[in-house]
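Okay, so here's just one chain, in structure tokens, the form predicted on its own.
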Amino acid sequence: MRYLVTGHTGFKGAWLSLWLLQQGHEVHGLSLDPEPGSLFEVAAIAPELTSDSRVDIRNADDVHRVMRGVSPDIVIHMAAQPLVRESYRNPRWTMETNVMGTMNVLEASQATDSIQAQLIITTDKVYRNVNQVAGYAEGDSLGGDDPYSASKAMADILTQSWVTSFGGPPTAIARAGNVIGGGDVSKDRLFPDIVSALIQNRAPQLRYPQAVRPWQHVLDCLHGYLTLIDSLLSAPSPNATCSTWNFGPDSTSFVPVGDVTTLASRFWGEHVAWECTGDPEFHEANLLALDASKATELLGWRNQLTFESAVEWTIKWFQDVESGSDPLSVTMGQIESFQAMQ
């Protein structure tokens, strides 16, 4: 299969590109340049791709040009401004990237006859968060108090409206969040901050240690995406509506940030106490969880890694690379180990 992955230089995009390559697929990418020191860069993924287009998703003409040139069988749209705190600093860029960028992909894919299936990635933060203990299900109301969450809810609604109004290839939306794994270097994310602190033998600084999140390893999340793609491909005919799917762990993985940090330090081999920096500068949700029973019941998908295993695999990746192991080999080794569990 010929895949076009937008956002392929990002954290999840790099892992996904390597997994697709390992499966023997032809992979094309459309994205901005990678962050310095990112998995995409340190694992030297670019030469492995059939094409590597450095395009701003906000530029409709460039998106159309790449889509025409690739003529993909499958589109997975992951390109986004993915950070809540950055969305406060740059709300216009966030909205243009996440909303209009998604529209550019939908418009280009509609004009591309080769596409057999399309997956739009949003986030768990599309739901109107009322701090409910039970996980949010696909039919719950969408919303967003911060610019990032609002922009992704807009992209989610836009996708559903677009497909209903204009048709196109079989399309689904995947919602997930708080994905962890080796190679993440994004600012304002927990594990890059933890690992940086542990390498420097200093206490990790936490903005909001009591915040509860549904922690999930990147490979479990991507396994959900690929399972959903298989379901779209097996559909007898293009759908007139867009299905929505949650991919998140069960309640045993709903763990406060402080406890996650303590466990990560233990797996690193240190017992460094974290420190609280005080109230966060911007609003951050205290509790956010997903109900993924639909994916479990209808797709047969479920997490393969427990919460503790997800943290252990993440720390092990960083430790191996820090000790001099080849990042590409470490990453591919974890992909192969994960596949052996299925």
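Numbers follow the displayed sequence, beginning with 1. All figures in this text were calculated on a predicted structure; none of them were measured in a lab.
Just so you know, the form predicted together with a small molecule exists too; it's not on screen, but the next bit is about it.
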Using heavy atoms and a 4.5 Å limit, would one call Val55 a contact residue for the small molecule in the model of the complex? yes
### Task
Check whether Pro327 has any heavy atom within 4.5 Å of a heavy atom of the small molecule in the model of the complex, and answer yes or no.
no
So in the model of the complex, is the small molecule close enough to Trp93 to count as touching (4.5 Å, heavy atoms)? yes
Quick check on Leu32: any heavy atom within 4.5 Å of the small molecule in the model of the complex? yes
TL;DR on 253-261, 198-206, 181-189, 158-166: the one with heavy atoms within 4.5 Å of the small molecule in the model of the complex is 181-189
Query raised in the report: Judged by heavy atoms and a 4.5 Å cut-off, are Gly7, Lys12 and Lys152 together in contact with the small molecule in the model of the complex?
Result: yes
Note: exactly one of Pro170, Pro147, Gly224, Pro82 sits with a heavy atom within 4.5 Å of the small molecule in the model of the complex, namely Pro82
Partner-free chain; cross-checking the small molecule in the model of the complex, the single residue of Ile115, Ile229, Leu219, Ala176 with a heavy atom within 4.5 Å is Ala176
